[in-house]
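Okay, here we've got a single chain as structure tokens, the form predicted alone, with questions on binding and movement later.
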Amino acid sequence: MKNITVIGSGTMGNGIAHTFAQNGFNVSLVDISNEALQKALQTIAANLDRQLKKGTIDEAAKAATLANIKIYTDAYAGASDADLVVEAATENREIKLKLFKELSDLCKPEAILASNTSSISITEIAATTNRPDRVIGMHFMNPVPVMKLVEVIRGYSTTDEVTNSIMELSTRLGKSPVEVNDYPGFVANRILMPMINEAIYTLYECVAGVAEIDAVMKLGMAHLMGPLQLADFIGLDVCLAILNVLHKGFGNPKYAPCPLLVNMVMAGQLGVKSGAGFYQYAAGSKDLVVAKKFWN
């Protein structure tokens, strides 16, 4: 595999494009908005500058990485020659199903189609395509250039050949791939989201405040980031979407999203991306300030 197409230029998409390009792959980054694509290139350049300051890359590596990325607003132009397509669109079931149906017609027959979904069924996605045996999940972690894990999810029809190919490819990227089967939430979010949801319930039920809940998990359980801060970082809308997938997929009330989370998402308080969630995010500030009084 040499030609990689990444669909979606948001946080995950530009991170995936950055990672492949830095490892010498030809990357086509596709989005419906040229403005979003330009913003993605600026983000990649800024992240490369951080690596440059840390001494992990040199100027030549930065220039080569950027040169390996081409941007497209036309999906056919960006994906028709791809050996692998990695979809990193918004975590919305209908959008992903429609996109994979289109990709299966656009891409050459031997191309592998991968989704970066954090919870949506790979088997269901694959069923919309003309190549379910060549559809797989590649769930990268944020920030993609830094985090080592790639959760490799094989759908019901995914072949051993495709799975092994993606496992080897992930290793070539300097990642540590872990193979899992296709059930709601896979492994990462099946374990992580109930913890975040329980932390939100702990706040909702006035057991403790935002900073106190996060402090307990950081100081007592050696987590680098408390669950409420992590929820802000992931995006409260994404957390809610994943919990809804778990709740529907398993039919178990233990996955029901906390009403506080539902209300915050309806109010547009999504975390870092909106400037406020459980914490307030002021431009340029590194201090964590609780967004409001959540409990008495």
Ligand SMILES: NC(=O)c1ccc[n+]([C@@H]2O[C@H](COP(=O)([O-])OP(=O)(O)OC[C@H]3O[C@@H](n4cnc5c(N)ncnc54)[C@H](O)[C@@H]3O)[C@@H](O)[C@H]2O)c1
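Just so we're clear, the structure is a prediction, and the values are computed from it rather than from any experiment. Throughout, we count residues from 1 along the sequence that is shown.
Keep in mind the form predicted in complex with the ligand is missing from the figure; the text below concerns it.
Given the ligand in the orientation seen in the predicted complex, superposed onto this form through the C-alphas lining the site, is the binding site open or blocked (3 or more ligand atoms within 2.4 angstroms of backbone or C-beta atoms = blocked)? After the site C-alphas are aligned, the pocket of the shown chain is open to the transferred ligand.
One stretch from 217-225, 197-205, 162-170, 133-141 that, in the predicted complex, holds residues within 4.5 Å of the ligand by heavy atom: Only one stretch qualifies here: 133-141.
Contacting member of 260, 48, 36, 240, with respect to the ligand in the predicted complex [4.5 Å, heavy atom]: Only one option qualifies, and that one is 36.
May I ask you to state whether residue 175 is within 4.5 Å of the ligand in the predicted complex, using heavy atom distances? Contact check for residue 175: no, nothing within 4.5 Å of the ligand in the predicted complex.
Look up in the predicted complex whether residue 9 has a non-hydrogen atom within 4.5 angstroms of the ligand, and give yes or no. Contact check for residue 9: yes, within 4.5 Å of the ligand in the predicted complex.
Is it the case that residue 154, even though its partner is missing from this view, gets within 4.5 Å of the ligand in the predicted complex, heavy atoms only? Contact with the ligand, no.
If we define contact as a non-hydrogen atom of the residue within 4.5 angstroms of the partner, is residue 97 a contact of the ligand in the predicted complex? Answer no; every heavy atom of residue 97 is more than 4.5 Å from the ligand in the predicted complex.
Judged by heavy atom distances of 4.5 Å or less, which residues of 27-60 approach the ligand in the predicted complex? The stretch 27-60, when checked against the ligand in the predicted complex, contributes 30, 31, 32, 33, 36 at the 4.5 Å heavy-atom cut-off.
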